[in-house]
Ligand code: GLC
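Let's start with one chain on its own, the form predicted alone, as structure tokens.
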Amino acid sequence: MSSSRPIRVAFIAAECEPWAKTGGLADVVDALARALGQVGLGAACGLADLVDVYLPNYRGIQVPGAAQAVPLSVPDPLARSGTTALRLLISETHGYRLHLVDHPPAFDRDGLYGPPGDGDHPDNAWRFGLLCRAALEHLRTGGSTGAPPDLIHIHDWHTGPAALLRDSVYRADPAIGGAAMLLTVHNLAYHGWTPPERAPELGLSPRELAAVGATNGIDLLRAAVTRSDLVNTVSPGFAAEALTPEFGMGLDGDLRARGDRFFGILNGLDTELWDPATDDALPARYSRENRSGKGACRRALLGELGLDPSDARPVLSMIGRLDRQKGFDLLAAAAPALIAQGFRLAVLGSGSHEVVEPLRAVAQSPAGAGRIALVERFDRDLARRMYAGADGFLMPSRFEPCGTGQMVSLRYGTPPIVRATGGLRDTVIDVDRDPVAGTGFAFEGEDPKALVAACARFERHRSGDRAWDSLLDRGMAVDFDWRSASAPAYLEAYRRAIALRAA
């Protein structure tokens, strides 16, 4: 393939903002698909057309009104006839071409992966196998453009079946078997383990299942790692960490075996979506050049959360999935000491009841009353007000492939306090280590005392450092725009994967 010919790219993913989201995967799929169109369309080394995004039509998705319903018959191991009739709901929206795989028995359910608080759906291998099969069947006949894809970009374990199907069922098919494949690992902790009795639901024949070692079950993420032409994760820092047993989640050996075909590309940020100068969710707008509105955002947030707006003591916010990975238990352990030092906490998230219980107990204690605001739900607009209205932002993650919260907080003039790991290490420069370029505060280890110490450093700078305004200015000036570096890096990776596949 000529290196100058524009390429056709298709995404297969389980999440895509604003249609379906539980975490950062959704943000990346949406933002990258849009950014690729902006940097690639019409360019000699860019895209031939909009990116095609294939996503399940989960319960509650607001289907675009202009969507075209296209019937599709796909092989289905659970169907009595061997095939299932479904629909693709297709529309050009948000800067890409969205394909919602519409099959109510698979996707019209409570929860994307399982009922809230009740584990996974037991037939997830079938559900996401059907997503991949529908995408590949549509693409093999030319998809929405009449031309097969040059590259299929798959995301996390949910799309592991696409790698298995490409190299077995579609191996001799020039449209799919000849297409390059890039896997992006957003979260290495979730593998999509499929037990032996469920493996046939992926749609492979007994011979194909035996060839991939399904006798003992299938790790769908491992299958994608070993079969994709290239594999990346979402920051160079985490790519290095993932090669170690501590952070590799059992796949470090497989990733090391890929050599230079495994690498990191730092996530970007949608700077049009995240902009305090235009954010309609904020009570006042502000910018890097004029931050006067940030004080109004602080007062409004504290009033909304039931905290005293007239209290000048520091307010730290934390937003995310209630999970040990994100360090919510570290915050709970540190909370009594932080309260004693005068900090107030604003916490927003949904997820594990067990993880949040210790923090809830502190919030409901006499010491925590009026000092901790704990909001246990997912609330997009409140999250924006917390990024803008807090004095500092907490991300004490045990591991973090990239993270976008720290990027948003920097853009909103709210210095992040992070654990120095993965993408957090790549994106936040500790101001005490580099007073000239520093943008936030970083600490090492999984120790609540280290978190408390980092917060104390934060307050010393905030209350007595003449260079505080410079710190805020540097943070708001950092350019994480997808179009600047991340999207071009993916285009380069696509070219490389296509060349490898052709060879």
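Heads up: residue numbers just count along the shown sequence, starting at 1. Being a predicted model, the structure only gives us computed values, none of them experimental.
Missing here is the form predicted together with the ligand; even so, the following discussion is about that form.
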Do heavy atoms from each of 298, 409 and 472 fall within 4.5 Å of the ligand in the predicted bound form? no
Indicate whether the ligand has at least one heavy atom within 4.5 Å of a heavy atom of residue 321 in the predicted bound form. yes
Please tell me whether any heavy atom belonging to residue 493 falls inside 4.5 Å of a heavy atom of the ligand, as the geometry stands in the predicted bound form. no
Flag residue 14 as yes or no: does it have a non-hydrogen atom within 4.5 angstroms of any non-hydrogen atom of the ligand in the predicted bound form? no
Would residue 325 show up as a contact with the ligand in the predicted bound form if we use heavy atoms at 4.5 Å? yes
What is the one choice in 28, 451, 55, 36 with a heavy atom within 4.5 Å of the ligand in the predicted bound form? 28
In the predicted bound form, the residue from 232, 84, 124, 404 with a non-hydrogen atom within 4.5 Å of the ligand is 404
For the chain shown here without its partner, which stretch in 180-188, 248-256, 376-384, 125-133 has non-hydrogen atoms within 4.5 angstroms of the ligand in the predicted bound form? 180-188
Go through 375-400 residue by residue and record those having a heavy atom within 4.5 Å of the ligand in the predicted bound form; state none if no residue qualifies. 400
